[in-house]
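Each of two forms of one protein chain follows alone as structure tokens, named structure 1 and structure 2.
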Structure 1
Amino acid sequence: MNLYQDIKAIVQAYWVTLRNMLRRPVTIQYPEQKRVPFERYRARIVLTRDPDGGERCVACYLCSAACPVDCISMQAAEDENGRRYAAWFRINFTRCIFCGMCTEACPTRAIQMTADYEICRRDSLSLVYEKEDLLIDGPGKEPDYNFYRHAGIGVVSPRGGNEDEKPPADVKSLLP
């Protein structure tokens, strides 16, 4: 009886080996073959532009405050029209954990995550991306969103000048 069980176990083991030998391999040759990530895959962070071509980032510091590993830093500036922008913007990808908290905190949808997962380098200092490295030409995943038009701040149109806004109230007229 033991001989029968031993033979059965050996045949089952060979059957598993033979079955896996004839199966199509699941590994890919990585540098030559690249896996297509899922649609919602989150990897490299980019800075996007609004539909008018201007920078979306208003340097509000919400992304750096939301970042749990403190890998985002920037300096705010303001142009002659009163529009805020980031004078410099820096992300340290050696510290970034790709959690997406910065993209959720961004009110202007300037920070977006792409599916580009190939950001490995031997020199860790080359993984500190400046604003010029992060800024892309297009609007990214939000092609029609313009923060200044949506918020009604007097850069694109005067305050209260949009269709769904009321003009600003004169607070002195509210006094008794």
Structure 2
Amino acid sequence: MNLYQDIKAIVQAYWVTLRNMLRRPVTIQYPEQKRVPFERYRARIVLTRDPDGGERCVACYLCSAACPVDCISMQAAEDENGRRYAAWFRINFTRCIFCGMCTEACPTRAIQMTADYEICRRDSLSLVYEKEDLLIDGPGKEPDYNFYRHAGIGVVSPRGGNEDEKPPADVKSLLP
């Protein structure tokens, strides 16, 4: 009967809310309890160094070009060996949307995202990070990668003798 159904539905609804009232809330109480973000969480950006301790960034402007909100700016310079580096490097975190385009564009794995999401400030100017604030000591998520060991190195003979390279496959031996 319709009336019976209606009454049953209402009583069940009351039961559901009562049951939920006695359950533990799922809230994470932020300042005291902090959520552990996922490994690939995209938050505050850092500039990493290669395993030898040198700066990875070669000031190629690719990140700044890839950034959809134009919040990266830098000035390229060359050192005595003719290697490029960023004279200054600036990320305006008030504009950054943490999309990760910069990290994808970077050929040297210099610019990387971290899981540090607590970057709220009252003074927005303090969110403009300079190179000193961005540069960290370690290699970040790519512990073994050194750009200069792979780029600008001639092809050796026989083929496949370079670091991280495998000798070319013998196609004939692959045949069944």
Partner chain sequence: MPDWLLTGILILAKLGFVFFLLLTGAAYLVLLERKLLGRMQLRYGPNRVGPFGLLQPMADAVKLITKEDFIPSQADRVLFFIAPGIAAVTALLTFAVVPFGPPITLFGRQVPLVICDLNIGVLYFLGLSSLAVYGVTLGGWASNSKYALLGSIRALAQLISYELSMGLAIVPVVLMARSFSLTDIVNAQATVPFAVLNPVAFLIFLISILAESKRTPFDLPEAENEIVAGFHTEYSGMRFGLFFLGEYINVIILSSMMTVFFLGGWHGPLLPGIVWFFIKVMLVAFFFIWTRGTLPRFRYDQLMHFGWKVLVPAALANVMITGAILLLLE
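The term rigid core refers to the maximal set of C-alpha atoms that superpose within 1.5 Å between the two forms. Here, residue number means position along structure 1's sequence, counting from 1. All of these numbers come straight from a predicted model, not from anything done at the bench.
Here the form predicted together with its partner chain appears as structure 2, and structure 1 shows the other form of the same chain.
Aligning the rigid core between structures 1 and 2 leaves the CA of Glu165 offset by 10.5 Å. Summarising the core-aligned comparison between structures 1 and 2, the C-alpha atom of Ile10 is found to shift 4.9 Å.
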